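The data below hold one chain only, encoded as structure tokens and taken in the form predicted on its own.
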């Protein structure tokens, strides 16, 4: 699949929290834990489940760093 995202990290799905319409999918990667929010329809279409290996594509317009 072609895409424009430059940041790609592989990981394992560790948790899926389902809501009424959306879900949060947590992925454990070498870079740390990453969460993604998607519709339940997308989750079902992808057939994602806990333990699946996935690629996390990250493309952000803004990245904000804060030093406390």
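Just so we're clear, the structure is a prediction, and the values are computed from it rather than from any experiment. Positions refer to the first chain, counted from 1. Superpose the two forms; the largest set of C-alphas matching within 1.5 Å is the rigid core.
Another form exists, predicted together with another copy of the chain; not displayed. Remarks below refer to it.
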- Contact test in the model of the complex: residue 41 vs another copy of the chain, heavy atoms, 4.5 Å: yes
- Message: Since only the chain is shown here, I'm wondering whether residue 53 would be in contact with another copy of the chain in the model of the complex (any heavy atom pair within 4.5 Å).
- Response: yes
- Message: Using a 4.5 angstroms cut-off on non-hydrogen atoms, would residue 24 count as touching another copy of the chain in the model of the complex?
- Response: yes
- Message: With the partner left out here, check for me: in the model of the complex, does some heavy atom of residue 14 sit within 4.5 Å of another copy of the chain?
- Response: no
- Item | another copy of the chain in the model of the complex - contacting residues of 1-24, heavy atom within 4.5 Å | 1, 2, 3, 4, 5, 6, 7, 9, 17, 18, 19, 20, 21, 22, 23, 24
- Message: Rigid core aligned, does the Cα position of residue 21 differ by 2 Å or more between this form and the one not shown?
- Response: no
